[in-house]
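Taking the form predicted alone, here's one chain by itself in structure tokens.
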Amino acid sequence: MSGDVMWLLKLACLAAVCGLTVCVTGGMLYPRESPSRERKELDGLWAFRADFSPDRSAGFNQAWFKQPLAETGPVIDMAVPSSFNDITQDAELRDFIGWVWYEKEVWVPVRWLQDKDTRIVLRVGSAHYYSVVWVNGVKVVEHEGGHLPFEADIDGVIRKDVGMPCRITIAVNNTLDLHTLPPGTIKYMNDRTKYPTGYFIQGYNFDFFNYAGIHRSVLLYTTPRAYIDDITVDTNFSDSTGFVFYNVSVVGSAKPAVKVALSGKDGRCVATADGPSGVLKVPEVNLWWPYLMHANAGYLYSMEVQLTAESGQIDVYVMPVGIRTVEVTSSKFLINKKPFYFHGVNKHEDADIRGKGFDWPLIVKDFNLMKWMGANSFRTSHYPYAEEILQMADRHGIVVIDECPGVGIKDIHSFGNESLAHHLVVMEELVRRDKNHPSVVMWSVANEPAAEMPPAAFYFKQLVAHTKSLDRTRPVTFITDSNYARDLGAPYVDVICVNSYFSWYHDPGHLEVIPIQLNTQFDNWYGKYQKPIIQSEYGADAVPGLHNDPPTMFTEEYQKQVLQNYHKVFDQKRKEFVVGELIWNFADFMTSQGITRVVGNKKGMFTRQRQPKSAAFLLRERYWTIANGTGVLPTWAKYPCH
């Protein structure tokens, strides 16, 4: 990439070595409709053009944002939300690295424009990885990083052109360098006997396809000029009384009057309070319990916050609230003061055609499959998932380990101050977005970083400390591999999450070594750190329909035997200090092309099309047996028919 283009991949708010700060300001409440708020979704077909110029800079040099995109050159239809990679038959677009351009013309409701007391906001749910947004040719926002939302107040732009459609242009760049999250490298191939002029390769150290585009909804929403900017909720309970500690941030009113009311599922108000901060006391509280841990799992109250400004403007925001506690001891993970055992899955936002694009039918299907399996939890490997997925987890009582995009941090240059500053920003954006979800019980700041490198100790000490300062109600972890001796980041986390693939990446084909090596792994980690351990990844590839007896690698039989050997050790160690097991992976997913992958990673319990392999039934029997062992399930749950 040229210098003119690459500057847009640099974080604008870098800090000094001893004074790293973040630049996140304002709230990021999910855009809900209410008596004072409206929303208009802009999903559907957008005009799309990839910048195939040698340095990917033609769009900026020629100012494509100043005119309709179709006037700059040929455009195609592109679905939003979706990844652009698998939409066409063009291999060059599938593997494209650089700037792509989206455009859509929309009509803003006249009543929004006529009401001078209405604030109009443009919100992008997620775009990978660097985005620049223009409205009617005027730049309104830039954002670095995928997976998390960003927005801009566009009042000042669209009110200048009342009676005209609003033209929204979004340029998105999926280039990864050593300071992005996830990090990557660009390598130019200069041997003209082998490669054409300008040929380069995007490298990265993560095992999933680098899907790109606008992956979640784009929408317009309104608030009054004086509005509720942010809400933070913390919960607790004592005996039968629940406590909801709240703090409301207001913009546009110096002396706001704030009223808060909490209602149960039946609509009956159970507690009220006045003021921008305070506590709601809930008698005979219904706690938020995980799926299969209680007959009334996933109970959510409804909290209504009403702001009245000095001008008389009223803003109303309503959000679900689950009352529960999370604690960690040296050997237990406690939810509502009772031991909780994670029996769940790792996932990916990944499916045919749409790539990482948000898709409601797929989400509903995945939750049905998780509940069918008896899974009570999942980890958002290896990046934050859509807000709607966490809302589903809240409602269904599915526990979530919420992970940032810190995957593939392997180069020493990715542990420097520029990378750390960006990583701190990402964690603040993640916590700001997800802090009120009862399903989220732990933050994960990275996956399998090269934590043995000398800079890693300082890096993760700062990162974990900052995350805890943002949210002191949840433990923090990062995901490590099985080599405890070289890890320099583990002392700072609250829970040890370990990935290991014995008899797959290590001693391939030798199932007999799993019990020995897994026991050694657990004993070494616990002996050194005295912290609860989650087996955060384990598994083996299985090509669906491939069978062999005796089992051989890549067959369904081999995948089952790997799992069974792990499970024997889990059953011993969960009586001591192992507090969870998360299979890798819920479903097969796409990866970059390579000799170790046959059209993607095949470690799923389900195919990419969500059809079960043999191991899915094995895991289902195990998870329901573990759940039944707690003795708290209602009769219908002990004998599931769904």
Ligand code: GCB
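Position 1 is the first residue in the sequence shown; the rest follow in order. It should be emphasised that the depicted structure is a prediction, and the values quoted were computed from it without experimental measurement.
Although not depicted, the form predicted together with the named molecule is the subject of the following passage.
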Answer yes if any heavy atom of Tyr505 is within 4.5 Å of a heavy atom of the named molecule in the predicted complex; otherwise answer no. yes
Indicate whether Asn447 is a 4.5 Å heavy atom neighbour of the named molecule in the predicted complex. yes
May I ask you to state whether Phe606 is within 4.5 Å of the named molecule in the predicted complex, using heavy atom distances? no
State yes or no: in the predicted complex, is some non-hydrogen atom of Glu103 no more than 4.5 angstroms from a non-hydrogen atom of the named molecule? no
State the residue from Glu151, Asp177, Asp207, Asp230 whose non-hydrogen atoms include one within 4.5 Å of the named molecule in the predicted complex. Asp207
Please pick, from Tyr526, Trp134, Trp372, Tyr501, the one residue with any non-hydrogen atom lying within 4.5 angstroms of the named molecule in the predicted complex. Tyr501
Per contact check vs the named molecule in the predicted complex (non-hydrogen atom within 4.5 angstroms), the hit among 582 to 590, 608 to 616, 33 to 41, 62 to 70 is 582 to 590
Using heavy atoms only and a 4.5 Å cut-off, decide whether all three of Thr325, Arg433 and Lys435 touch the named molecule in the predicted complex. no
Can you tell me which residues in 376 to 410 come within 4.5 angstroms of the named molecule in the predicted complex, by heavy atoms? His382
